[in-house]
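Just one chain is shown here, as structure tokens, and it is the form predicted on its own.
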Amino acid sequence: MLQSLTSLYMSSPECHIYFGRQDKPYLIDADKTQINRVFTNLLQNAIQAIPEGQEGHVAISMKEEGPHWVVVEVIDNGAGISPEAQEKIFVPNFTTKSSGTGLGLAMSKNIVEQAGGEIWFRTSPGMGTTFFVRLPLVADQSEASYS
């Protein structure tokens, strides 16, 4: 799923998108449409965080964390999140953009938590931000059909 999502944005000349290939697909017990919304939002935010005139780089990677979790990282080299905004970033209706509703990250947090996971970030103002999404794996990964 993430591979197809990133391919939608790969044609952007001002931002390069990198998808780290995983060794195998990971099966999670979550609504595919809702999880797609989470990663669409994170990817769009990462691209929009790149200041105009700067060559953008966004990387997406997945790694297994123990036998029960997969962690997806969305890394950008954008403006970062200011210290003032960091504590409000998941609050509904909070936005740092001139347009938008400020619901994307609040909605993403709710979706991830409903799936039994968690979302957090690390940021360096002026350097970029990494969002982490940890999701529980289905116990029998032999049935994995998508990631």
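All values reported here derive from a predicted model rather than from experimental measurement. Position 1 is the first residue in the sequence shown; the rest follow in order.
Another form, the form predicted together with a small molecule, is not on view; read the next lines as being about it.
Of the stretches 110 to 118, 45 to 53, 65 to 73, 24 to 32, only 45 to 53 has residues with a heavy atom within 4.5 Å of the small molecule in the predicted bound form.
In the predicted bound form, the small molecule lies within 4.5 Å of some heavy atom of I81. In the predicted bound form, at least one heavy atom of F94 sits within 4.5 Å of the small molecule. Residue contact check for I89: one or more of its heavy atoms lie within 4.5 Å of the small molecule in the predicted bound form. Contact check for S61: no non-hydrogen atom falls within 4.5 Å of the small molecule in the predicted bound form.
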